[in-house]
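In the form predicted alone, a lone chain appears below as structure tokens.
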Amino acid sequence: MGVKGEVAKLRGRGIAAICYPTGMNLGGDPSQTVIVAQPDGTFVVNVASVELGQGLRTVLAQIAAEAIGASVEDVEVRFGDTQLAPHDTGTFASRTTHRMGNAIIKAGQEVRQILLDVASKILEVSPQDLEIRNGKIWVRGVPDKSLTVREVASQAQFVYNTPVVGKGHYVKPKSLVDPDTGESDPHSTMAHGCVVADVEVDTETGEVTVLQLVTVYEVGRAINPKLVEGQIIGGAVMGLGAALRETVYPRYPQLTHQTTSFREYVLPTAGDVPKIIYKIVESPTQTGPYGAKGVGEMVANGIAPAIVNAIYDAIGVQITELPITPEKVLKALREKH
């Protein structure tokens, strides 16, 4: 760092790796859903999950459309009213795409079979002779003999008096621990990631500037890559705030020094966001809906450790309490010398 008292801006690089579970291992982590066809032949997916801005409305509609064979534009996902929707354990633990997605596939497959049965009556063929995808049902080998999914769903209700309703549920079976080896299957699947952070530390002011974040995440299958990219960038900024700006844990049960507004609770702004380079790696899991794993929380958790390690690389001091404020950096430098 040079001689004592010399002002310098020192750079460092830090690495953090993460492996992150999807959901919980309780044998009591269920998600349930009901899919109901509307009179116009569109579909409503009723869930008690919550859209937090992570893109569930789109991803769950994609999963339902694929399972039914409908167009995604004809699927509406309705959230939040726990009096009307079937049970869901909660929107947390990076579980919803995996758990609710699996439940939706089961419900969609039930709807799909009803549609094939009704279409077989309309087209006067066996259900086994029909194909359904991308919003159409047609006779195998006879492409000009077809119906739209919306037509069949509507006729099922008005002509054949058949409710088009599918019910689905999913729960991760509880995995007991082997008393001799300690082996178990605690989570339904694991996602993985790595973060490399480059920082600059001003030894006069103690200010830490993150210059660049490089991230790679293995997410199973990215059902909607653009939404995964949005989560990665949002998680990077959230992790940046946790590392350098925000007090992310309460002082409970003490009530002193609590932040009461955003004047005291300092969030990163656009000017604080460094260059973010990211890559998505797909390795589909057998347990997930179409191979998907949970991604929500993982993308925020590795950022702060990488920044901490980068600061250590720059100034040779390991800071162990977040956020890493300029005061903490200066104190660490004084104690070092």
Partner chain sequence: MSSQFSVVGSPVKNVQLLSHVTGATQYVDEISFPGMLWVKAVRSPVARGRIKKIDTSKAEKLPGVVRIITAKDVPNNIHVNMAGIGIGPPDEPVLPESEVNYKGEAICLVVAKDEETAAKGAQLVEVEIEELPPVLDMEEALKPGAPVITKWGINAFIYGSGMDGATRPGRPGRPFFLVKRGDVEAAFKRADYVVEGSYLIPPIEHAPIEPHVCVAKPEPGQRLTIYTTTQAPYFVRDNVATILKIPASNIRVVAPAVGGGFGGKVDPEFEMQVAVAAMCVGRPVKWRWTREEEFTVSTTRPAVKIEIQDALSSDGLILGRKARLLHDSGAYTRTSPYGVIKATVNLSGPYQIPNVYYEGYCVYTNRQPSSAMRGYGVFEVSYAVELQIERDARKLGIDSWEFRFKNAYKNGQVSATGRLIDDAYLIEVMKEAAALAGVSLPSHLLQMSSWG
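Between two forms, the rigid core is defined as the largest C-alpha subset superposing within 1.5 Å. Numbering follows the first chain given and starts at 1. Here the structure is a predicted model, which is why all the values come from computation and not from measurement.
This protein has a second form, the form predicted together with the partner chain, left out of what is shown; the following refers to that one.
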Among the candidates Leu130, Ala85, Val171, Leu123, the residue which, in the model of the complex, approaches the partner chain to within 4.5 Å (heavy atoms): Ala85
Check Val44, Val142 and Val165: does every one of them have a heavy atom within 4.5 Å of the partner chain in the model of the complex? no
Just to confirm the contact call: exactly one of 199-207, 143-151, 260-268, 115-123 touches the partner chain in the model of the complex at a 4.5 Å heavy atom cutoff, so which is it? 260-268
Verify the contact flag for Ile223: yes if a non-hydrogen atom of it lies within 4.5 Å of a non-hydrogen atom of the partner chain in the model of the complex, no if not. yes
Taking heavy atoms only, is Leu10 within 4.5 angstroms of the partner chain in the model of the complex? no
Can you check whether Ser175 is within 4.5 Å of the partner chain in the model of the complex, heavy atom basis? yes
Considering only heavy atoms, tell me if Thr58 and the partner chain come within 4.5 Å of each other in the model of the complex. yes
Along 277-305, which positions have a non-hydrogen atom within 4.5 Å of the partner chain in the model of the complex? Ile277, Tyr278, Lys279, Val281, Glu282, Ser283, Thr285, Tyr290, Lys293, Gly296, Glu297, Val299, Ala300, Asn301, Ala304, Pro305
Comparing between the shown form and the other one on the rigid core, is the C-alpha shift at Leu176 2 Å or larger? yes
